[in-house]
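One chain follows as structure tokens, the form predicted alone.
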Amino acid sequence: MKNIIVKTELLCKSFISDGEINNVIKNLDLDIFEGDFTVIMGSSGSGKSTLLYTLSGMDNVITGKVYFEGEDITRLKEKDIAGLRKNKLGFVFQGINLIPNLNVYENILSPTYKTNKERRKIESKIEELLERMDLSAHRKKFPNQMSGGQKQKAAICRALINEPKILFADEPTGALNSSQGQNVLDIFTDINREKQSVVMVTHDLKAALRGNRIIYLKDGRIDGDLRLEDYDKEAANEREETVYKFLKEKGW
């Protein structure tokens, strides 16, 4: 049995719009398991991105609890939450969000500031990530000098530099063309095979195939939970049929 790395209890998240309360997440109980590639799907407005931001400590909880490795992070002060995000959680955005006036190397280095990591180990890790993502020749380039795929790979490097226990990704292929998106998904698959826990929000069927668990949200609640074997490219067509059938049954 896998260990639970993130857990929610009666999680609620609401927003006020035009004077009305919009309940986006509703009394949600969820266990995320260590080493899984968990995919969160649902129609527009189902609460999937809101859930991701809440699980990762990037958004506040209204009521309920979020636990990371058994610790209730909803009780932490903002300083402690920031430290947790820096040292143990990684996040990849759809909009990429690289710092425009820093080059690739500096962007990847930036999360290591004010950590206790040795400079030599940090530099070695950056070199390893640059090599892995085929970015070594682009280390001095600024974001506006790179393709969308290169920028997203740099953002993945940045998210991995502090060796997070879990990597969150919000539509990481949404701004990429099909070839670039495939390359990024291959990276996520590879790092998950090395036991990196991944939680990814996506609306794309091809991206969802990479998960070994697909959670379907509807109106802020879990409406389906599909468990799969680890991704195998050779069995992708059969896997796609299984996932498509599951999603259609849920009204996707």
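All values derive from a computational prediction rather than experimental measurement. All residue numbers refer to positions in the sequence shown, first residue = 1.
What comes next is about the form predicted together with a small molecule, which is not displayed.
- Although the partner is absent from this view, residue 210 stays clear of the small molecule in the predicted bound form, with no non-hydrogen atom inside 4.5 angstroms.
- Although the partner is absent here, residue 64 sits far enough away that none of its heavy atoms falls within 4.5 Å of the small molecule in the predicted bound form.
- Among residues of the shown chain, residue 45 is one whose heavy atoms approach the small molecule to within 4.5 Å in the predicted bound form.
- The shortest heavy atom separation between residue 237 and the small molecule in the predicted bound form exceeds 4.5 Å.
- This chain is displayed without the small molecule, yet in the predicted bound form the stretch 45 to 53 from 45 to 53, 27 to 35, 66 to 74, 189 to 197 comes within 4.5 Å of it by heavy atoms.
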